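There is one chain below, alone, in structure tokens, taken in the form predicted on its own.
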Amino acid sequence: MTGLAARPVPVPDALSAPFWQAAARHVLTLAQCAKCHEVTLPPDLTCPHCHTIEPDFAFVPVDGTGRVRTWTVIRRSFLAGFENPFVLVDVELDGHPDMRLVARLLDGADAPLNIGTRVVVEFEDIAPGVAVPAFRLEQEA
């Protein structure tokens, strides 16, 4: 990726900082409400499930495997730092059927994708101490 401008870097706020700290260690986490124990991402001031105004979210690690729900090929990006074309996948995480995570697919624009294709999370180190979740096709055993 020589010659590309720097990628945009996430700017964590007080609620999302634990997610980004875990991502920097290459650990995928979800925010779990202390009241109803449901997970969400991103966290908000209230729990989207039980609507408590004191969710006291704890960030719990998840294995990061899932199935592609849909995808799109980006042929022209308006953000710096992306080599075109690239693929964004919408992934339903295993064990969390209501959880969806949209991220870049690292296998490239020609990857053999179908609805239901298995993927696993990986992380892209985009700046010192900063990593973002991405996905790669899961290798069959």
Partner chain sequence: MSGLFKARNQVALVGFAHSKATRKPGRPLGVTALETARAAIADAGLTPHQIDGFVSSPLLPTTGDHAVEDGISTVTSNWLARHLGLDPAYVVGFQGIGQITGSLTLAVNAIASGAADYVLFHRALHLPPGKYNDNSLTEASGAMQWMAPMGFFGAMPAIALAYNEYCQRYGATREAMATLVCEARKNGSRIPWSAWYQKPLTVEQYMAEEMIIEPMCRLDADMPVEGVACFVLTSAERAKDLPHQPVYVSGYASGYPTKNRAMLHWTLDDMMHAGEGLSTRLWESSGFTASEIDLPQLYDGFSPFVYIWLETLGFCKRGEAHEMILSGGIDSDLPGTLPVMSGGGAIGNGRMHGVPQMLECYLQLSGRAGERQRGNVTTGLACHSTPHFGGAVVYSNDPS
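These numbers come from a predicted model, not from an experiment. Positions refer to the first chain, counted from 1.
Beyond what is shown, the protein has a form predicted together with its partner chain; the following relates to that form.
Even though its partner chain is not shown here, does Asp44 get within 4.5 Å of it in the model of the complex, heavy atoms only?
-> Output for Asp44 is yes: heavy atoms within 4.5 Å of its partner chain.
Looking at the partner-bound form in the model of the complex, is Ile115 within 4.5 Å of its partner chain by any heavy atom?
-> Close contact exists here: in the model of the complex, Ile115 approaches its partner chain to within 4.5 Å, heavy atoms only.
Does Thr65 reach its partner chain in the model of the complex, with heavy atoms at most 4.5 Å apart?
-> Contact check for Thr65: no, nothing within 4.5 Å of its partner chain in the model of the complex.
May I ask you to check whether His37 falls inside a 4.5 Å heavy atom distance of its partner chain in the model of the complex?
-> No, no contact at 4.5 Å.
Taking 4.5 Å between heavy atoms as the contact cutoff, choose which of Ala58, Val73, Val27, Ala111 touches its partner chain in the model of the complex.
-> Contact check passes for Val73.
Though the partner is not shown here, which residues of 66-91 have a heavy atom within 4.5 Å of its partner chain in the model of the complex?
-> Sequence-ordered list: Arg69, Thr70, Trp71, Thr72, Val73, Ile74, Arg75, Arg76, Phe78, Leu79, Ala80, Phe82, Phe86, Leu88, Asp90.
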